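As a starting point, one isolated chain is supplied in structure tokens, in the form predicted alone.
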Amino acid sequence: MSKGFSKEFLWGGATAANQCEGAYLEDNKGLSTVDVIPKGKDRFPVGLGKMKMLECDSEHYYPSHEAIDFYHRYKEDIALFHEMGFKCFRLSLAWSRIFPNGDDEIPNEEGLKFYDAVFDECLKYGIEPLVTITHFDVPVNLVKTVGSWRSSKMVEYYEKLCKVIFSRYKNKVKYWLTFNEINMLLHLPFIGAGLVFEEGENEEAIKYQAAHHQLIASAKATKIAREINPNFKIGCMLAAGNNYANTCAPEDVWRSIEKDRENYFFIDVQSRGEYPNYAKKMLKRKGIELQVEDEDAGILKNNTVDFISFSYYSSRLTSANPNINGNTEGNVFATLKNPYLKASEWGWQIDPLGLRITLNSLYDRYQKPLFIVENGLGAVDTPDENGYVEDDYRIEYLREHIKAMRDAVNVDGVELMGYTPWGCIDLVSASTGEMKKRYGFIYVDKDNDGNGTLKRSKKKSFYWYKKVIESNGMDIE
């Protein structure tokens, strides 16, 4: 079956403030957690919260400081998105651009004006902004003063941010996501939630307490949004991809269910409005007693999301046997090598059918509209003298994933709102801090060490994706 998508389907692309904006202290912006995460050998220890780095030094290179300078080039970039035919552009707000310290009395007007200008530019071209409120972004001051999301004070600061942005942009933005890849705080706690650990602390207990605070904040944001504009659509966001069992041994199958639940837990709460029993039992087994307020249960129950958004890059493979190893390189989610799949240059296993499986798993579980807000192939691109890249490998990856998406919609009946491939313009990699790990339809002239003109040029995939959007997903060859 090769039917396309509904005429309302939101084709577009996705970015994040911390990976594209740059201008990291311009116009009164405060220091953000991502601004102190360097490229190089210290990146993972800092991202994991194991190495405390809350200031910048002269010994490291910090890719977010300039990124791809979207802050000064947004008009040019959005014009290119329009040329491709985007109906939707997913972007995030830099919290410290709006509240430089996080706990400021009044917001920074220059930061608010910047996003006004970005949204106006999108709307000029009929592009619907899809805004992530927090995408791996915490003002460093809040890490220093309250310990970031380990503290319930963060919920108040987040509420204040939401009230400001929902009121300010209520006639410009319809679609909102509360937290990017909320489950990532279990895997990269400083990147996901600004958590830094001291020697001897119970890290797991801190992570789940921070998760609770984010879940409450997400529910409160949903409540505030509906009060300010009942037409808002509020979604949550999961780093998705099913865990396959390594063999048909029941122990391996059970292990795959447990691994999936580690991630589903967050969306179970945001979509269903309560902690699932398996999560309550898991926390009890681990001896983790969450600090919970009396009103928390009601807040979660009465403020569930309208839709489920997720990122999908690859599936994962797991075994109950602790001696089986051979984990793939480069991915923050540990996984065994799947002998039936090819892998990217960074060890991410390429599994288009896995996207259809993920879509069905999520839709069966929640019966709410889904939105694929990240998908794509990180690869080394070699441009010619004009900056043109013949990225057939990227086209092939996206084509096969769009076919799987089409099957999920037309054959399986999954309700899908849109598709915004990740890094529609080349940007800094969140995991490695590299520029050479490129996802975009648009090439940006910059290398891993920050050298380059920042000139934008169209790749072969730019023209291919334009054709896909024009045909509403029918012409993907």
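Numbering starts at 1 and follows the sequence shown. Keep in mind that this is a model prediction, so the values were computed, not measured.
We do not show the form predicted together with a small molecule, though everything after this point is about it.
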>> Please tell me which of Y158, F266, W95, F136 lies within 4.5 Å of the small molecule in the predicted bound form, judged by heavy atoms.
In response: F136
> From the list W176, Y397, F190, Y313, which entry has a heavy atom within 4.5 Å of the small molecule in the predicted bound form?
Replying inline: Y313
> Does I68 reach the small molecule in the predicted bound form if we count a contact as any heavy atom within 4.5 Å?
Replying inline: no
>> I'd like to know whether F441 contacts the small molecule in the predicted bound form, with contact meaning heavy atoms within 4.5 angstroms.
In response: no
>> Whether Y419 contacts the small molecule in the predicted bound form should be assessed with a 4.5 Å heavy atom distance threshold; does it?
In response: no
> Is the gap between F232 and the small molecule in the predicted bound form 4.5 Å or less for some heavy atom pair?
Replying inline: no
> in the predicted bound form, which of 25-33, 432-440, 404-412, 59-67 comes within 4.5 Å of the small molecule (heavy atoms)?
Replying inline: 432-440
